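As a starting point, one isolated chain is supplied in structure tokens, in the form predicted alone.
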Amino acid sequence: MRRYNPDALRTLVAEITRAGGVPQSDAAILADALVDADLHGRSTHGVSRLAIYLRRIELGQIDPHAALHIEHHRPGVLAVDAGNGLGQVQAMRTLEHLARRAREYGLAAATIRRSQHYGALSYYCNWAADQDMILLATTSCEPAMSPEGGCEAFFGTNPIAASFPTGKGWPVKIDLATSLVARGNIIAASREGQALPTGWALDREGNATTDAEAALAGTVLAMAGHKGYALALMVELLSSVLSGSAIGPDIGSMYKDLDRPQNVGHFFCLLEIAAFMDTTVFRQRIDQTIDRIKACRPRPGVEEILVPGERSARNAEANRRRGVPLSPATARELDDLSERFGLTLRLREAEVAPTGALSP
């Protein structure tokens, strides 16, 4: 895959988004969230999603000018209506409101309804960690995963995430789908015409399949069997039931249901570390915990024990130096969008030479 300067790529994505009808400041938020996912090695939630967001805007299924409406609140609680706006934009607006409350009360939580797919949860959790806060985030998703014992998609991949600031230069980051694999990986395999590993998914009749198209029509399997199913249900209750958004199969598919909104729900719980202990002490304690974990005796053949978030931080560091990799299909989509909107800016202007490196 060819690589691209992340700053130049961010500028291009923002320009395309603005040309697609999104206000400039909101286009910058969306571009930053998408490029950040690619930067950290989460291409399934990165720039490859831009085209479908813009398509849904064009069809009137996303309102790029939606206001964030706080329906009711208590001092540390918000119930938010995203107004069918861009998920990334409305999530960040909600977080800004929550951060003010968390600084005052030590803890603040929010539900968000009438939202969209909003990318990688770790983007918001890492933002909070940079503010010396801890964010626990969940989101419902379009149906992709059956309950344990079933073969009909009911739940989304229903991820849960949290990030913790450290003194290591990167946060401890937990961001996982409650499915065996994120549905974005199946979508990516379908786009690239690749087979799936055995054990990821079932077809519509409940048979194991390695065909990505059959998997998209069928169901992804829950991680850890009934345990993943239980976690998926917990996420559904927090994100969908508590928020008042659509539940399970009532959530619109981003790619298939182009005639109706998704009505996705999210849940945020934001803690200010200083309300619990001195932030310097917290960082010292978490660093000591990391050091003790990494000092554990490794299994045969294992060179290094990694902490969640460490690999993606290394990916981001390498991609900042070498450029962000994009698949040929995603590169073609960006070129097509630039041409369609009549932009003079093109992806090739962001390309990094194969042997080149970006300035630190």
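Just so it is clear, the model here is predicted, and its values are computed rather than measured. C-alpha atoms forming the largest set that superposes within 1.5 Å between two forms make up the rigid core. So that there is no doubt, residue numbering starts at 1 and follows the sequence shown.
This next part talks about the form predicted together with another copy of the chain, which is not shown.
This chain lacks the partner; the member of 129, 202, 212, 92 within 4.5 angstroms of another copy of the chain in the predicted bound form by a non-hydrogen atom is 202. This chain appears without its partner; in the predicted bound form, the one residue of 216, 254, 134, 189 with a heavy atom within 4.5 Å of another copy of the chain is 134. Segments offered: 238-246, 121-129, 192-200, 82-90. Contacting another copy of the chain in the predicted bound form at heavy atom distances within 4.5 Å is 238-246.
Here the marked residues 51, 68 and 330 all miss another copy of the chain in the predicted bound form; none has a heavy atom within 4.5 angstroms. Interface membership of residue 293, defined by any non-hydrogen atom within 4.5 Å of another copy of the chain in the predicted bound form, is confirmed. In the predicted bound form, another copy of the chain lies farther than 4.5 Å from every heavy atom of residue 41.
Though the partner is left out of this view, residue 149 does reach within 4.5 Å of another copy of the chain in the predicted bound form, counting heavy atoms only.
For residue 325, no non-hydrogen atom is located within 4.5 Å of another copy of the chain in the predicted bound form, even though that partner is not displayed. Looking at 93-113, the residues that come within 4.5 Å of another copy of the chain in the predicted bound form, counting any heavy atom, are 102, 103, 104, 105, 106, 107, 108, 109, 110, 111. Once both forms are fitted on their core, a CA shift of 2 Å or more is seen for residue 218 between this form and the one not shown. With a cut-off of 2 Å and the rigid core superposed, residue 101 has a Cα displacement that falls short of the cut-off between this form and the one not shown. Residue 114 is not among the residues whose C-alpha shifts by 2 Å or more between this form and the one not shown once the rigid core is aligned; its shift stays under 2 Å.
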